[in-house]
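Before any questions on how it binds or moves, here is one chain, the form predicted on its own, in structure tokens.
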């Protein structure tokens, strides 16, 4: 209700017009005014809180990963994580009740879908390869082009995307609100049974922050003090990976002294997605920033669990790790916006084989209690 409405309404209730010159008794002024102030604000409603309720939890990262960053307004609780887990596998989030988040981020495929590009409702074909959700909690920006600032914003996007789940947020909320079990779960997670898209996004994000993978052979070797965790070939591959004069892979797929995300979280043009005439088929990050240097640039993907998440690159154009190594060794495809760190490198056949073996050592433990749950 606007302030203009509040100011005008008392005059309509006064038994005598305001323009009258006769004095109005004080009691005849106060009573109508109190009546107006006590009226409900028609069309207005107190904002539904989206702050989590329930039992707070701490997410403990496995060996090789840092502490998980969480926003101050979405601290994880047992209840929000449980709700997010249920929603992650909920097919009613899609227009025809056929797809869930897990349709593209399948836990049996290390939270990818194994396809070249995503497949949406009605067989709609996406534009890009599905990245894993594992360790996405650490990324400063989400999606290949960085259009989401956090997991909360990312969670709601596929639901309404016309070539993904293709369902408005309003319809999604209405579907969930018809289910008494969901109303109970939202009440447990947020303090009331109200269902909003903001609460849906927060619950999904809280669950996704628990999808961590570490404690790989590499982690045990690098951070656990196990000198035998890597095979001789994998140790040679690691040396190539970090050598700026050879593989130079760690320039973008970073390894820090106490942990390794294997991504710098930044965007690079590596020469993928160039047609026969040298034109970029997908502008990537440029579509978000409109900065020329971002043309054809895509987010550096994590290399963790890379052995199990083929096909590779933002367009799913490479099928094997050998193809990936060969692509980089060849310096990518030339285009005016190619990243300065992409250049042809001299790697022998043995070097390339060792590098592939090292990449296989990055497969870590998968999160427990992350699969679909039975209904109550």
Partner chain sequence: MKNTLTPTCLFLALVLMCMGCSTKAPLNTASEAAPNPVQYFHVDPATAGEVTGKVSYAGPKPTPKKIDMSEDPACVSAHHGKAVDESLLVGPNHSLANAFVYIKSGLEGKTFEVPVTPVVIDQSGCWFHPRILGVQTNQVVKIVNSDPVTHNIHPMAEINREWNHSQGPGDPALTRKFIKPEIMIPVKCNIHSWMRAYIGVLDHPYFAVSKDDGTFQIPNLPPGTYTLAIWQERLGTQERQITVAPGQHAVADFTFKGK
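Numbering follows the first chain given and starts at 1. Since this is a predicted model, take the numbers as computed values, not measurements.
The form predicted together with the partner chain is left out here; the points below concern that form.
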Heavy atom of residue 332 within 4.5 Å of the partner chain in the model of the complex: yes
Residue 58 within 4.5 Å of the partner chain in the model of the complex, heavy atoms: no
4.5 angstroms heavy atom contact with the partner chain in the model of the complex for residue 274: yes
The partner chain contact in the model of the complex: residue 327, any heavy atom under 4.5 Å: yes
Check all three, 278, 346 and 349, heavy atom within 4.5 Å of the partner chain in the model of the complex: yes
Listed residue that, although the partner chain is not shown, lies within 4.5 Å of it in the model of the complex (heavy atoms), from 323, 307, 315, 339: 323
Residues from 134-160 in contact with the partner chain (non-hydrogen atom within 4.5 Å) in the model of the complex: none
